[in-house]
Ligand code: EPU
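Below, in structure tokens: the form predicted on its own, a single chain.
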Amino acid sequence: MGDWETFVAQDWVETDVALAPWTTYKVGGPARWLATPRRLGDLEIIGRAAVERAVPVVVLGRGSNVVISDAGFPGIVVRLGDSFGSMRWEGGEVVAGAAVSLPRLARTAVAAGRGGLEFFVGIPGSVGGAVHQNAGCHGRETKDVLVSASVWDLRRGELTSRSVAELGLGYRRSDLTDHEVVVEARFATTPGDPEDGERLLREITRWRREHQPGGTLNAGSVFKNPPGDSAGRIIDALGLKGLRRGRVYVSERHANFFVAEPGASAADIKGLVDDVIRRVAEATGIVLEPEIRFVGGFDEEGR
């Protein structure tokens, strides 16, 4: 049996699976193949198959910063299974699987009397996604607390441990590619009082509730902040709050959040993003760079 035949025969591989339910925007078409690996050996099977057929691969975490094309994704979408959602303590460091949610990581550390990870409670993503994008908020970034990450290379079929420098973490970016899958990450913590930690978690959660459009379909910050400024401030200053494309609009509460209404499309989101980029560039000369990721094919109309 060839590598591809071995892959499609797995009980953790499905075909033509809707991806919209797995994203916070709840839009987008299906994955041609959805793989939910349970162990490293499964990732090896995925990698061999993808190389044999030259099929594109993308890893989907909690879908909190991604927009899937209305046409879907023509390759293999990887969603790490539950076995990648464990955590363990090694001294003052916590090792978390890539599928662990960041709020869970933050709350687990606080409950254990360890500090430094509280800011993660404000990021609705996964550990793997945090490493890939150097996620951050409230003046802290993943690279500030990350010790190392274990990465599986789908093309080479090997596992390596990489330091922050080797990952190339920068502002909302890393050097990791689509064929490199974070499987777990090690974080440094500091001794902390659980009551103080709980208080900080509540403060961060309250700030998010007061300043961001909670209870809506959105993917967090749409654009990276340009040097020395805030994307939300720029968009707001140009009077673009409420700007709409189809069933998607710029939030009245926070201009760097775009809210989707039921029935919205990925094309609506992409079109609004492109429109805001154009308007800001024409008015200020600043070219905003999206923080959210567009997966699948999008033409000039955003489809």
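Predicted, not measured: the structure shown is a model, and the values here were computed from it. The first residue of the shown sequence is 1; numbering continues from there.
One more form of this protein, predicted together with this ligand, exists but is not displayed; see below.
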Q.
So, D236 and this ligand: in the predicted bound form, are they within 4.5 Å at any heavy atom pair?
A. yes
Q: Look up in the predicted bound form whether K270 has a non-hydrogen atom within 4.5 angstroms of this ligand, and give yes or no.
A: no
Q. Is G136 close enough to this ligand in the predicted bound form to count, meaning some heavy atom within 4.5 Å?
A. yes
Q) So in the predicted bound form, does any heavy atom of H254 sit within 4.5 Å of this ligand? A) yes
Q. When this ligand is placed as it is in the predicted bound form, which of 256-264, 271-279, 66-74, 48-56 ends up with heavy atoms within 4.5 Å of it?
A. 256-264
(Q) Each of Y171, F223 and G232 having a non-hydrogen atom within 4.5 Å of this ligand in the predicted bound form: is that the case here? (A) yes
Q) Of the residues T216, Q212, T205, S148, which one places a heavy atom within 4.5 Å of this ligand in the predicted bound form? A) Q212
(Q) Considering non-hydrogen atoms and a 4.5 Å limit, which listed residue (K26, R32, K241, R38) is close to this ligand in the predicted bound form? (A) K241
